[in-house]
Structures are given as structure tokens and as C-alpha cells.
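Only one chain comes next, encoded as C-alpha cells, the form predicted on its own.
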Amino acid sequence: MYHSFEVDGVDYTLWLSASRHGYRLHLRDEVIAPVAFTQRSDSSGILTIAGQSEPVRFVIDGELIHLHIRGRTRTLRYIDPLRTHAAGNSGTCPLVARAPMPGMVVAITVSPGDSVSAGTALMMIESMKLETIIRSPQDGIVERIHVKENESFEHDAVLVTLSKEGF
């Protein structure tokens, strides 16, 4: 599966493929191998690319990934291919806010029928002792909330469904 990230206003498409020695990273027309990541804690690990290892620290906040490597911090925005596809549809196509990782709902800040703008906080979740705010992917009306406070969910679970109808 292709994954897209935006860094400093530039979109990058990449994917991983299996190899004899782990994985290969495909970025544009370039193939980088081998690639490996060893997680040390909830927010740090060692990234090895083409034999060079670097310690990294990261925080995931919804679709944003704050990554600190080689003395620099970068913010990457994950561009969900399903959300991109849904945004291209018009009419009353429902949109969803999905769980970026497994976890538990800490607080829900909206109710069905609420009008929300892109970026509005929908709920706060907790995963691996890290609290993350789930935000609206775009303007719309909260159609349905699929989870309750203190309820657990899996990665990629639909948390909130939005509708553009009536907005």
C-alpha cells in the first residue's frame, strides 16, 4: 500500500516491500535497502537506513507525526489515501475519523448533529500512555459517534462519522 506524507508543503509517496534482509523503502523512483526500525519505548527507537543507524524520538498526534532525528525536528502530516478519495467525492458522502492506533476513548467533545470545521477536536484518546486528539478531517456535521468514553478500540476503527449534508 502506498503512503503519502506532507513535509514542509511537499507531498512524498512511499511504500515498503519485503526483501531478504528485512524491508526496502521505495521513495519516488529511488529504492533504499535495507530499512529497519527498532522501537525502544513508546516514543523512541533506532531507525536504520542502508546500514546507518540513527536514534529517533517521535510523537503521533492524529495525522501529525513529530519526528526528531539528527538534531532536527520535523512535522510530517500523514495523508490518508481513503480520506483523500472520500474528499474527492461530492454530495452527501459520509466522512470518517479513524483511530490512528489502538487505544481507549478518554473524552468525547462533540455530539451528533454538531457542526464542525476541519481540525475541530472530536475526542481525546489514549494509547500506550500517550494522549492524542482526534480532529475532524474536514468541515461537516457529526452524524454518528461509534465509541463511548472509556471504551477500547482497534487501529483504524471508525470513531466518528461526519456528513457534508446540511453544511
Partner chain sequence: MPQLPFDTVLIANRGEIAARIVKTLRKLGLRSAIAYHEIDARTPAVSMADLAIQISGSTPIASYLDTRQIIAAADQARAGALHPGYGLLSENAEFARAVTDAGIAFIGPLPDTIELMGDKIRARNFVQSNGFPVAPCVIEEDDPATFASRAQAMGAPLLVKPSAGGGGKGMRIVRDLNTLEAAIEQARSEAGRYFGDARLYAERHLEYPRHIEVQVLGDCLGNLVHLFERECSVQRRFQKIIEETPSPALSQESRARICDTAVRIARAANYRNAGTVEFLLSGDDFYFLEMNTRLQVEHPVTEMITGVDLVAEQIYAAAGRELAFSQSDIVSNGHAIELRLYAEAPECGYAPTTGKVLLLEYPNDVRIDSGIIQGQHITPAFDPMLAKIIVHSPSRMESALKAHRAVRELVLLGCETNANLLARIVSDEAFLGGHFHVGYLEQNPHLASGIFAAGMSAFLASAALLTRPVRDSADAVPELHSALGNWRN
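In this text, all values refer to a predicted model and were calculated from it rather than measured experimentally. Positions refer to the first chain, counted from 1.
Absent from the display: the form predicted in complex with its partner chain. The rest refers to it.
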> Check 16, 49 and 60: does every one of them have a heavy atom within 4.5 Å of its partner chain in the predicted bound form?
Replying inline: yes
> So which of 99, 142, 56, 123 gets a non-hydrogen atom within 4.5 Å of its partner chain in the predicted bound form?
Replying inline: 56
> Even though its partner chain is not shown here, does residue 20 get within 4.5 Å of it in the predicted bound form, heavy atoms only?
Replying inline: yes
> Using 4.5 Å between non-hydrogen atoms, is residue 67 touching its partner chain in the predicted bound form?
Replying inline: yes
> Would residue 95 show up as a contact with its partner chain in the predicted bound form if we use heavy atoms at 4.5 Å?
Replying inline: no
> Does any heavy atom of residue 39 come within 4.5 Å of a heavy atom of its partner chain in the predicted bound form?
Replying inline: yes
> Who in 129-159 is close to its partner chain in the predicted bound form, meaning a heavy atom within 4.5 Å?
Replying inline: 129, 130, 131, 150, 152, 153, 154
>> Just to spell it out: taking the C-alpha atom of residue 102 and the C-alpha atom of residue 34, is that distance smaller or larger in the predicted bound form than in the structure shown here, given it changes by 3 Å or more?
In response: farther
>> Can you confirm the direction of the Cα distance change for residue 37 and residue 131 in the predicted bound form, closer or farther than in this form, given it is 3 Å or more?
In response: farther
